[in-house]
Each structure stands twice: as structure tokens, then as C-alpha cells.
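Have a look below at one chain only, the form predicted on its own, in C-alpha cells format.
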């Protein structure tokens, strides 16, 4: 079967493949542990194996904190996976370390990829080669606890639309105990969650700046706009007192526990939040600034083919990648995980656009930016450290911002050498 059929099947949302090899082929698929993602992939593997009885897929998972290390170590030992999931921001490291291989343009024609996927798929392209395809894309939105809003005298059907309204409503929700300790946060503060994306790609732009140059090689947030954005974020704890770093360990945990009014999070959290039974929650677009300017951050985990895959395993890996990038797979992923389909046609349906949960995320994709990370983990930690220098160590906003900008520029410069 000609490889060009692979993406044709992908675009049609079906997997019309059969194995012609004389014996069964087993391939390994690796991803990190996240319950809804694991459940969704188990369903996809079962469907794929039913359609391709000559191929079996072994599903291997690791804790998120260990995942990159395990992948790199296995690759060095020539025992890496045939297909693996990776955050788009890890692409340079995985390509440079020869962990993944370019996708065959015969199996995955570039013109079809660029026609059918959202433009952010280009974050997995280096030079003339694509190195992976996403099943789903993600944007950010503001989750809100309707019960806490109503208890605070707010209209639970009128969440904040501007940053000023967010602060005002968060103040109304915030509760402290007799000892002055926070009992209910109006707003979660979690740079280790999605707040580092909210600050970098949303708040910096809403305060009149840009986080990086257009080519992503120069840090540009060490200016008045960046300082204003950082002050707004840290003032939520220090001045407005509507949130607290480390409250209930993680922002999503505080929200799930009914102890936070608002939290910024991504579509990937929908599967988990759907299990909440103790209160009613809603989702709305990230608040605009006073002038109505909105911004958002879009990202995704891609699936790629391991550098060691060859022969029958490579052929099977290409078929599996085609299937998990198909419209059929994207619909399952949306239902189980809550992440939006990476293909426009599968995402921008009338049903999805009318859905009160999906619609805010889809609207956010229209004006979202995708950060060109060179070392996502290091750049994220740098932002966490920046906020901690203010919230814990008492540094000024200007001092913490300047130190963060210098450190991140060094990270970028090292990666681009």
C-alpha cells in the first residue's frame, strides 16, 4: 500500500489499513500519566487494533516528572518507543537529541497537513520537515464556581469579562478564617500551572507589550508593559489579597475542592472537572483589558515517530500515527479528555461552537499565540522563580523581572548556538 494513503485516511477520519506482513508486528506507544489521556488512548488503541489485526500496540506510561528523562534514556539505550507523545515545546530537544525522526512526506503530505490542521501545527516543523502531528489543541479559559459566586451575591451567569471585573468579583468571593488564613480564594495563583502562560502570552500583551521578538530569539518583556503585567499578577496576592501562592498546593486542586472562585486553565482539565459533583461550574473567555483587548495561549502535545523505528515497525508506526491523528480519534479525544480537535473541520462544528463549555476555548483559538519554546521546562521554571522572588523573597517587580529576562535570554541563546 502506497504511503500516501496514510494521510488520505487521516483526512477522511478513517483508518483503512491492513497489514500485509506474514507475522504480527508489535509497536510501543509512550505518553505520560494523566488519567483521561490514558483512558482515551486505550480506546484509540483498541479501535486501531480492531481495524488492523496484524498490529498490536503496547501502551507505556510514566509520571510526568520522569517522562522526558525516561524517553531520552531509553533512546540512548536504543530501546525507545516507536510512537511517542511530546509537548510541542520539547521539539528542539527531541530533534537535537535524535529522539524522533522526520515524518515521511509520502505518508504525510505537507500540503494536506497545512490545509486541514490549525496553523499552530507548524510548531512541529523544522526546515522542510514535520516531526509530529497533534490529536488535539489546547487554549486557555477562565473556569468559575457558580455556587461561590451566588453565595457572594454575584450573578453566577455573569462571569467577569474584564480584568477589573475579575478582581472585583474575586474580592467578593474571597474568605479568610478567624486567624486571618485564606479559607476560600477568589482567584487561584499557580505559576506552575497555567498562570505562566497567562502572564506571558496574555497579560504582557494586554498591558501593551510582547514577550518575545517575532522570531522568538529575543526576550522583550523587560519593559514597562512586562512590569505592569507582573505587578497585576503578584498584586492579586500582595495587594488585592484574593489569592495565595501554594494555596491547597495547586490551583486546579483548590478549584476542584470548591475552595476557589476562579482559575485559569486549559481544555485538558475538562475531563477532570466533569467529575465534580459538589458544585456547578462554568467556563468563559479569558478577561479582556479595559480597552477590550483579548489574548490567549494555544498549545498541544504532538505524537511523533521514534528515531529507532524502521522496517515493519516504522510502517506500523506510521499507520498508528495516521489513525490517532484522524477525525475519528479527535472526536474520541474531545469526549474523553476535553481537548479540542487539531483539525479545523473536526473542531469548528456547529455543535462545538454552540457548546457553552467548548465555545470559549474555540473563540480563544482565534486570537491565541503559541510560544516558541526552546526549553519549555526551563522557561516555565524561570517564570515560577520570577514570581517567587516577589511573593516569597520580597524583591521588587523590576528586580525580579530583569533577572528573569536575563536568565531566559541565556536559555534561548544556549539553545540557538
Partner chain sequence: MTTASAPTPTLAMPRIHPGRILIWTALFIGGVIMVTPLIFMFSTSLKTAGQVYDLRMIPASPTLDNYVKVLSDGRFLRWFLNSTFIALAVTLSNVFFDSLVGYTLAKFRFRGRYFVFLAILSTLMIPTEMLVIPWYLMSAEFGWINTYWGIMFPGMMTAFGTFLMKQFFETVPDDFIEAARIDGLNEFTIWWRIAMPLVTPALSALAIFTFLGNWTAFFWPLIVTTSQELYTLPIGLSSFAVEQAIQWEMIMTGASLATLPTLLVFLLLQRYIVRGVMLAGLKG
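Numbering follows the first chain given and starts at 1. Just so it is clear, the model here is predicted, and its values are computed rather than measured.
The discussion below concerns the form predicted in complex with the partner chain, not included here.
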query	finding
Non-hydrogen atom contact residue 239 with the partner chain in the model of the complex at 4.5 angstroms	no
Residue contact check: residue 249 to the partner chain in the model of the complex, 4.5 Å heavy atom	yes
Residue 288 within 4.5 Å of the partner chain in the model of the complex, heavy atoms	no
Non-hydrogen atom contact residue 63 with the partner chain in the model of the complex at 4.5 angstroms	yes
Heavy atom distance at most 4.5 Å to the partner chain in the model of the complex, all of 293, 353 and 359	no
Which of 114-122, 153-161, 140-148, 67-75 sits within 4.5 Å of the partner chain in the model of the complex, heavy atom basis	67-75
Interface residue in the model of the complex among 331, 259, 217, 274, criterion: non-hydrogen atom within 4.5 angstroms of the partner chain	259
Among the candidates 253, 172, 228, 210, the residue which, in the model of the complex, approaches the partner chain to within 4.5 Å (heavy atoms)	253
